[in-house]
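One chain is shown next in structure tokens, namely the form predicted on its own.
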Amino acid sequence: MIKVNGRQFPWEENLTIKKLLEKKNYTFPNLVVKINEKVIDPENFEVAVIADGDDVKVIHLITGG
């Protein structure tokens, strides 16, 4: 089990950020993802593996004035 934005979510082996975003239907183009408070470079979303028990935060970047 992992936490995604404070909520429990089932963990599976070889779960990458990209797979997680697909499973959670995150389609917003500007996302910041943190695993255990470490920001993950978007170029690594396909290879960054989430471990069981990790705390994942997905943050939508919105600008405005």
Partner chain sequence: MIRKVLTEFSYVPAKLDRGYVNKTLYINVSDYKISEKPVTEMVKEKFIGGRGFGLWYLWNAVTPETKWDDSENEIIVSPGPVGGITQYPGAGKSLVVSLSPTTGTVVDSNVGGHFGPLLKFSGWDALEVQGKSEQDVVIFIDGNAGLVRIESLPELANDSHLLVEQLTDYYACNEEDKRSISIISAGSAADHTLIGMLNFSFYDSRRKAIRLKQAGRGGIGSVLRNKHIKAIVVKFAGVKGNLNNPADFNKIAKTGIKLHKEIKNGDDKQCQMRVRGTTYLVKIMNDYDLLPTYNFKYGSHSDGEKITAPHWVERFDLGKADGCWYGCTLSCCKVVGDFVLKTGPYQGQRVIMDAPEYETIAGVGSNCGIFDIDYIMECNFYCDTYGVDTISFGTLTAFLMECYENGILDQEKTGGLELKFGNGVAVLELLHQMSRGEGFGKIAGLGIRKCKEYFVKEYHADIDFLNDIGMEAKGMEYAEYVSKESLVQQGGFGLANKGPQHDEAWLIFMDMVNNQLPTFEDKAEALHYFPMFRTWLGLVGLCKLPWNDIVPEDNNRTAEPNKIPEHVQNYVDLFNAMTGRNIDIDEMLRQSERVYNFQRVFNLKMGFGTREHDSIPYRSVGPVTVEEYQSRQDRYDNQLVELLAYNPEGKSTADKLQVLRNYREGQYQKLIDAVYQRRGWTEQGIPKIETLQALGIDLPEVIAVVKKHLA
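As the structure is a computational prediction, the values presented were derived from the model and not from experiment. Residue numbers count along the first chain shown, from 1.
In what follows, reference is made to the form predicted together with its partner chain, a form of this protein that is not presented.
Looking at residue 25, you'd find a heavy atom of it within 4.5 angstroms of its partner chain in the model of the complex. With a 4.5 Å cutoff on heavy atoms, residue 46 does not count as touching its partner chain in the model of the complex; it lies far away.
Taking the partner from the other structure, its partner chain in the model of the complex has no heavy atom within 4.5 Å of any heavy atom of residue 52. A residue is said to contact a partner when one of its heavy atoms sits within 4.5 Å of a partner heavy atom; residue 13 fails this definition for its partner chain in the model of the complex, lying far away. Contacts between 1-20 and its partner chain, taken as any heavy atom within 4.5 Å in the model of the complex, involve 5, 6, 7.
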